[in-house]
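Take a look at this single chain, the form predicted alone, given in structure tokens.
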């Protein structure tokens, strides 16, 4: 069952991150960093990586560093997104946001530290993959995390508030804000599986589409989810004037768009046969989840 798999995978990544941080020198930022990355969260991106790895028969040991680095990037972005200067959210994953718990300055520094930790985890000498692949993964992660990816998407999200934007503008913003990190998940798997440029581009594009699906599902939860299950405030997109497909074309049409996107993604996975079953289960879960 997908929920059990998510829990098992999350525990694996949490254990890896805990052990990794234990080996490092102590600092006052360790606690807010752990609070942001280890405490809670489905770590669905890690399950995506592990499921995609199954398609190409990759050993989980080759993927665990990539999973951990992705969770660091994702958590850094959440810590910063919750800050008063951005989305100003006081709750995350069913508990106080990092800046509420530790203060704004510590939250900024903890987020920055998780961002840099992600690259350290990939570059680690104990992560034994060939240097060319390691460099390619690091470069891709930088591209997806910075101004061409998550950070640029968040900037657009803030600038689009209370403004009339087109369907394509909203989709492109969401592909940056959420899709790029999913894109990296698949691209990194392609690199480790020694795929050619064409296949890596296909995987990268597929990941971006899955990321868009995830963001759409998140928007639906904001409208019809419960704060207790979602673990963060709901019905905030409309209050803040966020540019979403729901606000532009309505809930039903946005839902139809998401379902068509899901069908296209599943169709693309069919060529991999039974090896893609785990990944297909994750895709189904993303759109149908209630938390």
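Positions refer to the first chain, counted from 1. Please read these numbers as outputs of a predicted model, since none were measured by experiment.
Missing here is the form predicted together with a small molecule; even so, the following discussion is about that form.
Asks: Partner absent here, but in the model of the complex, which of 97-105, 192-200, 119-127, 215-223 has residues with a heavy atom within 4.5 Å of the small molecule?
Replies: That would be stretch 215-223.
Asks: Taking any heavy atom pair closer than or equal to 4.5 Å as contact, tell me whether residue 140 reaches the small molecule in the model of the complex.
Replies: No - in the model of the complex, heavy atoms of residue 140 and the small molecule never come within 4.5 Å of each other.
Asks: Should residue 44 be classed as touching the small molecule in the model of the complex when contacts are defined as heavy atoms within 4.5 Å?
Replies: Taking the distances in the model of the complex, the answer for residue 44 is yes, it comes within 4.5 Å of the small molecule.
Asks: Taking 4.5 angstroms as the cut-off for heavy atoms, does residue 78 touch the small molecule in the model of the complex?
Replies: Yes, contact at 4.5 Å.
Asks: Can any non-hydrogen atom of residue 86 be found within 4.5 angstroms of the small molecule in the model of the complex?
Replies: Although the small molecule is absent here, residue 86 would touch it in the model of the complex, with heavy atoms inside 4.5 Å.
Asks: Consider the chain as shown here, without its partner, and state which of 72, 110, 210, 150 has a heavy atom within 4.5 Å of the small molecule in the model of the complex.
Replies: When the small molecule is considered in the model of the complex, the option within 4.5 Å is 150.
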